[in-house]
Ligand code: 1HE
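A lone chain, given as structure tokens: the form predicted alone.
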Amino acid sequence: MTPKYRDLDLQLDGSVALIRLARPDKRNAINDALVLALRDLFQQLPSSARAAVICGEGAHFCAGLDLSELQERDAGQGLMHSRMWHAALEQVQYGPVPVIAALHGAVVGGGLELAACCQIRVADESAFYALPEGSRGIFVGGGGAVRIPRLIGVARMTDMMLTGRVYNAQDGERAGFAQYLVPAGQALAKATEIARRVAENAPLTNYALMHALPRIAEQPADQGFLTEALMAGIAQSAPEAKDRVRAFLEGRAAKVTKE
């Protein structure tokens, strides 16, 4: 039986877990309950899942923080609240399976922070991106200051927060918010197609790409080379990896071709 989570809908489609933000009346705005539900879901994801897709119900992926539930906090409370978000969203980025985000409509504030946790982002032509925290007298607190500059650069993020700049889907793809851009209404189908392909990979390869590659990218070169070598040795030692290499050498596996 598929577990139930507050403000989230989880469905299993073979080896793909479809996770839908289910607050359409709030444009899927994120509150603490939703953040904690995401944490719990990824900690307890069914073992049959080999990849996941995150999408939003209704007209938007996620319109950001639910300001109607914003509480006044002193500095210490604000610090701990932000760290709670960090711990929860880390379960998305460094969870058990790769995650593909299907983006449409608003991908704003905390919604953009959530999207940035995912390994792959697919946007349709209705998507738009913004970080309105700067105009509201607050600062990103869900990991956006770390993850979003790695997608688009510090200068672009600074501009968005200083000026309230909004990126449309086309400019957003060029800036680096999404790796794929599809016609309106097709983001979920494309994201699911990608997830099915990702789910076919050897689990250790997917683990290396999720957990090792981002850390290698941040390491000094000599440390990165060592981490790469260790991960390569572990991945290629798996029985599934040996079977796949053998199939290629024996001509039983498809070769790379142009699409």
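These numbers were taken from a predicted model, which means no experiment stands behind them. Each residue number is its position in the shown sequence, starting from 1.
There is another form of the same protein, the form predicted in complex with the named molecule; it is not shown, and what comes next is about it.
Although the partner is absent from the chain shown here, none of Gly56, Arg121 and Tyr167 has a heavy atom within 4.5 Å of the named molecule in the predicted complex. A heavy atom within 4.5 Å of the named molecule in the predicted complex is found for exactly one of Asp66, Asp40, Glu228, Glu193: Asp66. In terms of contact with the named molecule in the predicted complex, the residue from Met157, Val182, Val108, Ala116 that brings a heavy atom within 4.5 Å is Val108. With the partner left out here, the named molecule still marks one of 169 to 177, 183 to 191, 138 to 146, 90 to 98 in the predicted complex; by a 4.5 Å heavy atom cut-off that stretch is 138 to 146. In the predicted complex, the named molecule sits within 4.5 Å of a heavy atom of Lys26. Using a 4.5 angstroms limit between non-hydrogen atoms, Arg50 is distant from the named molecule in the predicted complex. Looking at 71 to 97, the one residue that comes within 4.5 Å of the named molecule in the predicted complex, counting any heavy atom, is Trp85.
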